[in-house]
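A single chain, nothing else alongside it, follows as structure tokens in the form predicted alone.
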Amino acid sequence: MIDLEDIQGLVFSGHGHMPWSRFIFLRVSNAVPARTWLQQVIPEIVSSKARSRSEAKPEATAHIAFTAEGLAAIGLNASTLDAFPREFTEGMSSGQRPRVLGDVNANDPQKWEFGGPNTEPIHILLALYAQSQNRMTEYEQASWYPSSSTGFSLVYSQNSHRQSVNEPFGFRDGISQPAVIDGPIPLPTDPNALPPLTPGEFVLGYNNEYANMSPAPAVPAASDRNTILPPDADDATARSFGRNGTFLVYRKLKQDYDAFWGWCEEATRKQDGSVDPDAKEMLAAKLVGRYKSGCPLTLSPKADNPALGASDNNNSFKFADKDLEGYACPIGSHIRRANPRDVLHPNGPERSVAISNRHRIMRRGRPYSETLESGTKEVGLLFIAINADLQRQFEFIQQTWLVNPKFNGLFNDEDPLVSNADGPGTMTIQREPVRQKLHGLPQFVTMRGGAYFFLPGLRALKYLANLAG
């Protein structure tokens, strides 16, 4: 059974009833007061047990995550840090990571607002969620709210107020989240639903889809003076630091609303110069794979059916039996790349589902809107993903499915929604008798900054807060 009381609530819930959020990026300047601060904040964290549907919904919660540099700065020993995967210790903006993620040209980390090589190092992410603006103000006035006196310097801060279920381009967001065996959310009962995943796909220390236990870094038992951590499964002289933790991906993605809808308008303009609004909406849906309501093209190929977008139950579909050739939902559309379900070429449906299920993530994104110094308004998505294996899950999706121009039998098409940072792209729309090839897709989404974090279990946080030295 999953130890829900030790897992931070964000893992199994996006806190949808708390529209106000703030993401505070900190650098540890003094580890001693920083660990005292950590002791004060831990009680503010809602666990995954508290986020089960049988429990009352909290009015607010905090969550804490660390970069590799942050774990070292707070005092975690080097041998434990060395046990973390390379992609985490290397960081999102250095080494091979930008090449893997397609962070080139406009997405180059050298241009990031935070998290890049030209910005102050990030050690800690403090994520605050609240049901109301007043509740968020109470957080700001709390004695533990981070400041220089608590051992930190502020690197960056980002506010978000979600006012609808749609992301900034206007499409319903948060659909198609994986179900997890033994998680706090009841499993779907629809026989056509995708199979639930093992907990080790999202939490360290449990079996994953390969029937292997997801690795959880350990610390020497002697360092756990108060016996806070659970025993290590493989070493009697060690305690498990990583168990019930996971990895968190944070990427601030600017979305160019005018470019997206302007391109869809020009691409559907008639020879007489007029625009068919229905054709414009359909082309946008073809890029995404869903209508703005959330209704999948696969379930309603000819026109939007909002009733099919109003419930996650309508996400229980597969492509192979309804839309194998991509005539309804194009093969290169965003949702078909992000989760190919049962149509990974050249595998059969059953094998395709098994492969797809080894590359799923939990999405916890939030929209943002801000006015820049120039006076212009910028909108976008704070993309947040939860996964137990950064390379096999998030990075695989990004590199092999989204920015791969040869995805699933295509020739030269990147993801039309989130790619094309290396130049204008193309989009193939399968149809009979002849496919349609669209050219000149600009970059609609630009990377503004981000980092990889480890989101520890609550006992691991208490262990860090009680470190000596």
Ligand code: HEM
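Quantities reported herein were computed from a predicted structural model and do not represent experimental measurements. We number the residues from 1 along the sequence you see.
Although it is not shown, the form predicted in complex with the named molecule is what the next lines describe.
What is the one choice in 31, 41, 50, 402 with a heavy atom within 4.5 Å of the named molecule in the predicted complex?
Residue within 4.5 Å of the partner: 402.
Which one of 123, 366, 243, 290 is close to the named molecule in the predicted complex, taking close to mean a heavy atom within 4.5 Å?
By the 4.5 Å criterion, the partner-contacting residue is 290.
For the chain seen here without its partner, which of 268-276, 249-257, 201-209, 112-120 has a heavy atom within 4.5 Å of the named molecule in the predicted complex?
Heavy-atom contact with the partner occurs in 249-257.
Flag residue 383 as yes or no: does it have a non-hydrogen atom within 4.5 angstroms of any non-hydrogen atom of the named molecule in the predicted complex?
Residue 383: contacts the named molecule in the predicted complex.
Can you tell me if residue 342 lies within 4.5 angstroms of the named molecule in the predicted complex, counting non-hydrogen atoms only?
Close contact is absent here: in the predicted complex, residue 342 is far from the named molecule, nothing within 4.5 Å, heavy atoms only.
At 4.5 Å between heavy atoms, is residue 176 in contact with the named molecule in the predicted complex?
Yes, residue 176 is a contact residue.
Within 4.5 Å, heavy atoms only: does residue 286 come near the named molecule in the predicted complex?
Because no heavy atom of residue 286 falls inside 4.5 Å of the named molecule in the predicted complex, the answer is no.
Any residue of 394-432 that, in the predicted complex, places a heavy atom within 4.5 Å of the named molecule:
Result: 394, 397, 398, 402, 417, 418.
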